[in-house]
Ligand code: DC
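Form predicted on its own, single chain, as C-alpha cells, below.
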C-alpha cells in the first residue's frame, strides 16, 4: 500500500504524513528532504551556478533515511543533515535541485525503489512531496492533496521559524511562498499538481489531528472495502 500526500509549502503535508504513517505503522518518506540534501551538497561544493554539475553529482550522492529514528533522519553521504537542510539558506536554494531535470530523474528512481522496499518490508509507505501522486506513484493505493490559504501557510512557516529561534517578517514569508507556488506549478519536470483521483483537503481551518483523522478514515474505509 502506497499513500501519497502532495501539496504546496505550508499546507501541513509533512506533519500530517508523519502522523498518518505512525497510525498505519508504515515508514514515512519526506521527498522534499531529498531535494534539500542535493541543494545542500551543491551549496557546499559551490555548484549552484552549474546545473549540469549538480545533476551529475546527484547520481553519485548517497542519500539514505534512518527509519529507526522518529522522525527518520536523512543521511547525506553518511552524515545526518536533518537540521542543516531546514535552514533558511537551504530553503532559498532548494529550487535549484527541484527544478533540475537530471536531479528529478535520479531522485524519482530512488523514491520508487524506496517505495518498493517499504512495501516488501513493511507492507506500505506514506510519501509526501509535490509530484508523488502524479509522477512518482501514479498508481498509488490512496492519494491526497492538501492545501491551505497562502496567508495561513505563511503564518505556519513563521511559527516553525520562531520555534527554531529565527525571526522573520510575515509579508516577506508570504511573498516567498507565493513565488515558490508559482515556481513549483510551472516547472517543466514534476510540477506541483493535483492528481485527478486525489482526495483534496483544505487544511486552513483544520487542526493537524482533524486532517490526519480524515485521511486515516479514508484509508481505513478503502482498505476494508478491498478486503470484502
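Residue numbers count along the first chain shown, from 1. Just so you know, these numbers come straight off a predicted model, no measurement behind them.
The same protein also has a form predicted in complex with the named molecule, omitted here; what follows describes it.
Stretch-level contact check against the named molecule in the model of the complex with heavy atoms at 4.5 Å: of 113 to 121, 98 to 106, 141 to 149, 72 to 80, the positive one is 98 to 106. Using a 4.5 angstroms threshold between heavy atoms, residue 28 stays clear of the named molecule in the model of the complex.
When the named molecule is considered in the model of the complex, residue 134 lies well away from it, no heavy atom lying within 4.5 Å. Interface residue remark: residue 41 is not counted as part of the site for the named molecule in the model of the complex, having no heavy atom within 4.5 Å. Remark: residue 153 does not count among the residues lining the named molecule in the model of the complex, judged by a heavy atom distance of 4.5 Å or less.
The partner is not shown here, but in the model of the complex the stretch 175 to 202 reaches within 4.5 angstroms of the named molecule through a heavy atom at 180, 184, 187.
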